[in-house]
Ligand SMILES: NC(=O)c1ccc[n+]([C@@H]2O[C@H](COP(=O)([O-])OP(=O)(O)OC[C@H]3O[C@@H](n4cnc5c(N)ncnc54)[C@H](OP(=O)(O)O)[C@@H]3O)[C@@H](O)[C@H]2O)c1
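Next up: just one chain, as structure tokens, the form predicted on its own.
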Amino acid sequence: MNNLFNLKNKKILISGASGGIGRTTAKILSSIGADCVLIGRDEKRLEETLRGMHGGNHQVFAQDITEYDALKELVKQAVADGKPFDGMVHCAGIETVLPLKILKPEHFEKSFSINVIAGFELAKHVIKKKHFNENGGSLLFLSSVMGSVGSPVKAAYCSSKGALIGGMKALALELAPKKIRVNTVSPAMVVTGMSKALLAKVTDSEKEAILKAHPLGLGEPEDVAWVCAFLLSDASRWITGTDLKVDGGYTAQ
């Protein structure tokens, strides 16, 4: 039986690859055969990601993805080697934590520009004819459980992640005739530099409440990255329009 759960010779674009879940995803995808195109703002950190990856025809682009006009040329350069894309993972994102009385339009605009618009703009260029495998592939957007459930002082973040899920469903239907699957992955709290900094600031009782909200404990970047690998592989060829929660039981309560 063929091993469908591999990415041998598949070309995958990964935004937000300079750290956190994006970096771990790049490493894991490369370990199962993918050629990765890494995008992030910090070239030095992208190079650090690259050094931790398995061999392959990987590419690095230091680019602010909210500079939308630059994305068309970036994608064009990435496929200049003649090899089209087979998939994409939009991992780049920011988390805004502010109460409504302090939130300003620019806070919402920044959240949506990185979390939502940049991802859809990248997808628009990636799926162009000759840029994407004519046999189809997979697009992934990293959302959050906060896109489905609420949390105090996270209106900007929750609304942007919810928008990703809604947009994903529309794209799944639009791109199905091209055999391009579109899904979101929604983690709960994952142990990254950002979450460690948050946990260091809260009280013991608040920390206990956070841990209690995750019946299987906090996640690791690898827990999310392997789910992305599955959804990018041919093993998930009948899955589209789905928001897959990877949350240790957070939303089961």
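Throughout, we count residues from 1 along the sequence that is shown. What you see is a predicted model, and the numbers here were worked out from it, not measured in a lab.
A second form of this protein, the form predicted together with the ligand, is not displayed here; the remarks below concern that form.
Fill in: Within 4.5 Å of the ligand in the model of the complex, all of L29, H58 and G137 (non-hydrogen atom)
Checked in the model of the complex: no contact with the ligand for any of the three.
Discussion item. Against the ligand in the model of the complex, would E47 count as a contact residue? Criterion: heavy atoms within 4.5 Å.
Written reply: It does not: once the ligand is placed as it appears in the model of the complex, E47 has no heavy atom within 4.5 Å of it.
Discussion item. When the contact criterion is heavy atoms within 4.5 Å, does A176 count as touching the ligand in the model of the complex?
Written reply: It does not: once the ligand is placed as it appears in the model of the complex, A176 has no heavy atom within 4.5 Å of it.
Worksheet item: Can you check whether M53 is within 4.5 Å of the ligand in the model of the complex, heavy atom basis?
Response: Although the ligand is absent here, M53 would stay clear of it in the model of the complex, with no heavy atoms inside 4.5 Å.
Worksheet item: Given that the partner is absent here, does M189 sit within 4.5 Å of the ligand in the model of the complex, heavy atoms only?
Response: Output for M189 is yes: heavy atoms within 4.5 Å of the ligand.
Discussion item. I need the one stretch from 129 to 137, 167 to 175, 90 to 98, 77 to 85 whose residues put non-hydrogen atoms within 4.5 angstroms of the ligand in the model of the complex.
Written reply: Among the candidates, contact is made by 90 to 98.
Discussion item. If you apply a 4.5 angstroms heavy atom cut-off, which residues in 237 to 253 are near the ligand in the model of the complex?
Written reply: Residues within 4.5 Å: none.
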